[in-house]
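Listed next as structure tokens is one chain, alone, in the form predicted on its own.
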């Protein structure tokens, strides 16, 4: 199995964040276009509209490339200006600090293409494609294997990085390969074994590699009506057991086997507990929802409160599944 160091050697990455030397790229809040592309680069862009929590400060620089050339140009801009790079997919598993994110935020949600190969039963799809939309597309064709994913509100890129899963299935079970863009501009294709998948984790987390596309193995040839009905059942189950009435990031904590995080939180008496506009959901205790007007700091403080209370009651420290970006205040 490939190590993180070996993966770094494959990608030949280097630190992109030495002392910064920002060039003048226009007025705050205005756009310029990356050289040789029609991709606009914006400054001081609020990220609250790009995350499912609907909270978060500004990106110092923000770009949303629609093709590989624009993505490479975005990375080159970051290199030239010694900017840290943050990758943003659908923003469904993120908590962005109220203080925002310095450097360049690259949103991959507009990297979109998909190809269902009837000869191999493989689906090759770009990083920005919606996971739920793919589940419905596959069902309409009578292709089995993605029914479980209909309730995961994320993109392919994010799902590959975090090994998204539900209903005892996950991306690692069906991934054939992932195409990854390295900081030096090269593309490499990696297998699930090279990605080192574990529960809700891979070697891509915390790295500087950007997933550009993935190939998934599905099973074509089934009755589309049957597969669609099964997909609908998965969707109904999610809607009946998880809170969708308020903004959230999905499950906040990883399940510490043999327990579930939701059960531990509920047994600690925290269902409905609220700090500011953030609340532990009444329907499912492993969800923290934005009841309206919440700040990222409210949600962060509530996450820490839940961790401390569960630790005190059960001697178990809940590990966040949500990824927190930016600086957050110390919570005691």
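Residue numbers count along the first chain shown, from 1. Because the structure is predicted, anything quoted here is derived from the model rather than measured.
The next section is about a form of this same protein that is not shown, the form predicted in complex with a small molecule.
Contact check for residue 251: a non-hydrogen atom falls within 4.5 Å of the small molecule in the predicted bound form. In the predicted bound form, at least one heavy atom of residue 271 sits within 4.5 Å of the small molecule. In the predicted bound form, residue 167 approaches the small molecule with a heavy atom inside 4.5 Å. When the small molecule is considered in the predicted bound form, residue 124 lies well away from it, no heavy atom lying within 4.5 Å. Here the chain stands by itself, but in the predicted bound form one stretch of 74-82, 116-124, 183-191, 257-265, 257-265, has heavy atoms within 4.5 Å of the small molecule. Note on contacts: among 59, 63, 294, 285, the single residue with a heavy atom within 4.5 Å of the small molecule in the predicted bound form is 285. Contact with the small molecule in the predicted bound form, judged by any heavy atom within 4.5 Å, is made by just one of 200, 230, 203, 112: 200.
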